[in-house]
Ligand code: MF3
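Below you'll find only one chain, the form predicted alone, shown as structure tokens.
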Amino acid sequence: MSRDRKIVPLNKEEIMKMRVVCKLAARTLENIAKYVRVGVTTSELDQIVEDFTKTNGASSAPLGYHGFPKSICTSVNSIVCHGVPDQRILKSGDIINVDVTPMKDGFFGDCSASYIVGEVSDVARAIVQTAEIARDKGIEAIVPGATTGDIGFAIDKFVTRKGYTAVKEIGGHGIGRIFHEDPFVPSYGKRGRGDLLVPWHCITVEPMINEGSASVKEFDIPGSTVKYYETSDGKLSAQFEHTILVTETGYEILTLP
């Protein structure tokens, strides 16, 4: 059991800064949802978020992060995560995950949601609904003395019973003063295993749910050390994410509008 990580809790001032930037992240996602529709390009969505972020006195953390070329991630259909906005036009029947991370006053707020575009199949609608509930099941496992394995167990149990698979290689992470830090927050695991959650530290819970196989394929992003991932069988994938403040009594969801 990995319980020796040097995770430093946030102080009261830092927690307030996290609440501010996470509220902005939630508002950013709420704003972009209005523009996710048939005929829009993922690059246009990226520019809308970049403008909104700057208007609110923040910067987009993904832009330039290890060479990542855009301000958000747009993962369409079989793309699991880290999809790069481009001239792809959204069409009726697509699903798309939009992942936003503003940075303000030295702190990061991270959240994502999957959206349906136009008229979608029952299969597409169901996986989006399952991914959202899976995220919430993981969050509900955050209780005093909980571990990252408890979160993963709750997610995987729910997803498996619904007939889907949870991606194992990629998951949530610590966040706060740094964009990505310990601990790794998996979407599978065993109760009581993994890292002990530290009160007054923030993590993301962000299960990636696949329609078929849990395995993924990795692809390079030109000019970046960040990779993007796609389902190995070309089937759908969906994801939802919140930034969570672990407390002494449970949790506080910071990325609510």
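Source: prediction; values computed, not measured. Throughout, we count residues from 1 along the sequence that is shown.
Missing here is the form predicted in complex with this ligand; even so, the following discussion is about that form.
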ask   = 27, 35 and 115: each with a heavy atom within 4.5 Å of this ligand in the predicted complex?
value = no
query = Using a 4.5 Å cut on heavy atoms, which of 156, 150, 99, 94 is close to this ligand in the predicted complex?
reply = 99
ask   = What is the one choice in 166, 142, 76, 73 with a heavy atom within 4.5 Å of this ligand in the predicted complex?
value = 73
note = The stretch from 185 to 193, 42 to 50, 27 to 35, 61 to 69 that lies within 4.5 Å of this ligand in the predicted complex, judged by heavy atoms, is 61 to 69
key: Contact test in the predicted complex: residue 104 vs this ligand, heavy atoms, 4.5 Å   = no
ask   = Do residue 125 and this ligand share at least one heavy atom pair within 4.5 Å in the predicted complex?
value = no
message = Under a 4.5 Å heavy atom criterion, is residue 226 part of the interface with this ligand in the predicted complex?
response = yes
query = Does residue 137 reach this ligand in the predicted complex if we count a contact as any heavy atom within 4.5 Å?
reply = no
query = Going by heavy atoms, what in 168 to 189 lies within 4.5 angstroms of this ligand in the predicted complex?
reply = 173, 179, 180
